[in-house]
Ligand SMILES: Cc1cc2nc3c(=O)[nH]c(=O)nc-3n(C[C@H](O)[C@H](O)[C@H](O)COP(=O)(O)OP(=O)(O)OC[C@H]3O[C@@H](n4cnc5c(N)ncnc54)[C@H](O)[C@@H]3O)c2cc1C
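Next up is one chain by itself, shown in structure tokens, the form predicted on its own.
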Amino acid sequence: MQILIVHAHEEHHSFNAAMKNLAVATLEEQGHRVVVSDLYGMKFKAVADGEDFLERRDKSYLKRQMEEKAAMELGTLAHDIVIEQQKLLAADLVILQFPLWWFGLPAILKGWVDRVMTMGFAYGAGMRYDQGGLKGRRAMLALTTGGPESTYTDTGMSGSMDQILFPIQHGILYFCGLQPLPPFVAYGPAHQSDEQRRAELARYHQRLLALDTLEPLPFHPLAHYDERGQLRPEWLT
């Protein structure tokens, strides 16, 4: 299996970096081929703008989706975007490794999504959700939080982790055809002892060994919705 890890943390000695390093070592020991996109190390350009297109169909007005679609057809996407898209196409599994910032992705990782998941490549007409451009591949979020697990519940001050991650897992990964696996969340490692952090890494190690046995999150396919985007009555229970 080929695995792409997209790593989004600026500190090489961070817990996120330790998780990334553990994943590379564990997965390679299992015989998998691992490719890492270290976004900070690459100095990945996070801002989506007109420079993402080597040529523009409309030079007077930037309509991003239309330019993305045209660039896919003409082969005129910026080189760094094309490289990341090639990594995605070659991958059987994509792991996004990041700290949860403001209840979402760090800017550099959100920028990677904005620039790499282009129309005509990851999504488009007839290319959404289980029919997205990256269908046939799986994905998993591996992340850290600043607060303890007790705050990330239905009655906790931060809300449930399922709610927080829904826009990423359903609105980005599944929307583009990827099958999201249950996320791995390390809660508050900055506030843990060395022993507790080692235990969290051991827990992640076991998750990595079990990747082949994990069932994807149960999101509905397009066929379960009507023409208004509402679940059909037979799927409401």
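One rule holds for the numbers: they count along the sequence shown, beginning at 1. Just so it is clear, the model here is predicted, and its values are computed rather than measured.
The discussion below concerns the form predicted together with the named molecule, not included here.
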{"item": "Residue contact check: residue 156 to the named molecule in the predicted bound form, 4.5 Å heavy atom", "value": "no"}
{"item": "Residue 9 within 4.5 Å of the named molecule in the predicted bound form, heavy atoms", "value": "yes"}
{"item": "4.5 Å heavy atom contact, residue 177 to the named molecule in the predicted bound form", "value": "no"}
{"item": "Distance check, residue 146 to the named molecule in the predicted bound form, heavy atom within 4.5 Å", "value": "yes"}
{"item": "One residue of 211, 201, 172, 66 in contact with the named molecule, assessed in the predicted bound form (non-hydrogen atom, 4.5 angstroms)", "value": "201"}
{"item": "Candidate from 62, 190, 54, 47 lying within 4.5 Å of the named molecule in the predicted bound form - any heavy atom", "value": "190"}
{"item": "Answer range among 108-116, 123-131, 93-101, 71-79 for contact with the named molecule, defined in the predicted bound form as heavy atoms within 4.5 Å", "value": "93-101"}
{"item": "Sequence-ordered residues of 6-45 touching the named molecule in the predicted bound form, heavy atom within 4.5 Å", "value": "9, 13, 14, 15, 16, 18"}
